[in-house]
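Below sits a lone chain in structure tokens, taken as the form predicted on its own.
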Amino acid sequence: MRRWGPSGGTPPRSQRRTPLRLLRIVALVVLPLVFLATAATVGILLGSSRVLGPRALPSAAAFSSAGGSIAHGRHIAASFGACLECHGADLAGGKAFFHGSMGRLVASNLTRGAGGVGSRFSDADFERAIRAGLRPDGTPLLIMPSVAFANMSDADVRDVIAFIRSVPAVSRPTPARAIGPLARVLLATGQIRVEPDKIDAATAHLATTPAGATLDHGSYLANVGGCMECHGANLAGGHYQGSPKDPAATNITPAAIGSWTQSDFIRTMRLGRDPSGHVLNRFMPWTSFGQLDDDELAALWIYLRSVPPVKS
């Protein structure tokens, strides 16, 4: 009897069929999985590219910073605009937002120095970047809080741009934006929406800014300052911004802060510590809001006291 083995012979029929079985597995399982993975990758790349593609630019050709107040623009940038939080005290950028699988995103250098946008942005370009979240080529900015800044008055935008134009040039190139695989998945599936897609292009802009310790002024500061972006449309708190590791925003309606006095509120905003001694998380830009003057903080307090109370 001939035996199959190292010395030769014919392998059993079951062994001779092994290559065919492997081919069937490849054809029925592996290839479909590869196809689906490839299709998903292409879909994610195309979907995220569409989200990050250019939009039609809203008209701002006549916008000019001429006559803007540099001093008031500096005040806005340091307080409720929080420009310095991201772009730095010298406006030369450098703060990083994305990392790892999310990619890389660094706040832009706004000055006229090498690597900055100040020498090539017109006033209209700056206005669109601030209120529409768009670059000059129509592609969307990321992280820029234009949903809030869309409510900024013409006068305040003029002042902010006048301030930006006034700062010394700083030569500090910033790394190019890189969108990582996780960010592309989130963009393609709508888990992340870019600012221009959340802004009503028909929003009318105030010509001037409300003033004094008034309800209108407080409402303006809350909207432009982005209070609703973190605390929710009803200001009752929740997790609307940041990563899951970041704390949820607190309830700031009268139901939660009803026992506070105006002095308590102002002291909290200035010192970053509430009446109970709790230190505010730095995710809350209290260091910027603490730069508001007394009338502005009083106006913001009047507004917060006016919203419907929501128990948390």
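So that there is no doubt, residue numbering starts at 1 and follows the sequence shown. The shown structure was predicted, so the numbers you read here are calculated from the model rather than taken from an experiment.
As for the form predicted together with a small molecule, it is not shown, yet the points below apply to it.
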{"item": "The small molecule contact in the predicted bound form: residue 278, any heavy atom under 4.5 Å", "value": "yes"}
{"item": "Residue 247: touches the small molecule in the predicted bound form, heavy atom cutoff 4.5 angstroms", "value": "yes"}
{"item": "Proximity of residue 158 to the small molecule in the predicted bound form, heavy atoms at 4.5 Å", "value": "no"}
{"item": "Contact flag, residue 75 vs the small molecule in the predicted bound form, heavy atom cut 4.5 Å", "value": "no"}
{"item": "Candidate from 167, 83, 183, 162 lying within 4.5 Å of the small molecule in the predicted bound form - any heavy atom", "value": "83"}
{"item": "Candidate from 92, 187, 132, 230 lying within 4.5 Å of the small molecule in the predicted bound form - any heavy atom", "value": "230"}
